[in-house]
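In structure tokens, the next block holds one chain alone, the form predicted alone.
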């Protein structure tokens, strides 16, 4: 492992891991999940899930990855050789591949809508047709497929370049840009006529709207947003230097991910209410609402409308790429380290597999919409399978592994860098208690509530 690439500094570690976390889960998925489960009350539950459950799991994955400097499968074999824990390593190679496949469909939508914004299609005279534009586009065949393939090509190129020249360089540029863009869009959104109701929806909790399913959704969203339970954070942590403070890196990652999700909520929801669209409109929410708002700005605002629409869909595309590269990197690390493939062969193989599954997910909005798996379209089945089951199971097992399988001294040693870091040493008892007891029990409880709801 002496020639294995490493991230250059704490800043690049946080930006790379935050890049994995900050993605479509924040901009695309978070607003419509908030809309489905009642706004501010759901956000409070989501924040609790992030700090009490997701943060300990993020630390668990970081401890395993940095301890071994290996990908998910190799890490499990190193820390628990000859045991059934290798299946967790295999699970976390397969799960991100499924996520990448349907994720690339949404990434393709963002690519398509960026081209629409660049070609000035969101004009006042087109306002009434904009709402139906997404349903029409997503249900066709060749255009969505081409956009899905284009998104996967962009992802593959960045991953092919490697950790330092590809992932690290992209993250150092994209994450600061993303925050600037989302702040600009949020400021614009809350100034729209009628946006005040959307702001109140996000800040005034109505706990009567919380259902048992909302708690499971908040847990699943926190896992999806932070890319937990599928080995992406473990893989990125395996590229972290031994002298890095992984508690600081994990805390920074969780903080910036949560901040970006809240900003995304303020970028989308006020505009939703300003447009008079139901906040529970589902996966197409941002692709229906924002273009409608852009087009309704009027003749005098066409320049601003064009600029804001381009910025918004550029933000979605960059955010999508920052997460998709981490999902592909898990499989690439496995194929390179365990199967001894070259990076370019591993990347190309995963591109082909993701494209095949992505095509099926893409067509589930059109010609394959009649095919149902347990009552769900192929796309929705993959999304729910991963966010509500595979990610939850993976996250649970990572916390159990660190809390019950790994030696406590090894966990402390990794968290405190051999005792040289005093801060992590002081909070270690509380963190270890969360990882060993609170997180697994709470995940199981919420998981069962979600199934029975």
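Numbering follows the first chain given and starts at 1. Only a predicted model underlies this, so the values are computations on that prediction, with no experimental measurement involved.
The discussion below concerns the form predicted together with phenylalanine, not included here.
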Name the stretch, out of 37-45, 52-60, 410-418, 24-32, where some heavy atom lies within 4.5 Å of phenylalanine in the model of the complex. 24-32
Taking any heavy atom pair closer than or equal to 4.5 Å as contact, tell me whether residue 292 reaches phenylalanine in the model of the complex. no
If we define contact as a non-hydrogen atom of the residue within 4.5 angstroms of the partner, is residue 92 a contact of phenylalanine in the model of the complex? no
Contact between residue 109 and phenylalanine in the model of the complex at 4.5 Å, heavy atoms? no
Taking phenylalanine as it sits in the model of the complex, is residue 225 in contact with it (heavy atom to heavy atom, 4.5 Å or less)? yes
Among 286, 75, 99, 271, just one has a heavy atom within 4.5 Å of phenylalanine in the model of the complex, namely 99
Of 253, 364, 326, 347, which one comes within 4.5 Å of phenylalanine in the model of the complex, counting heavy atoms only? 326
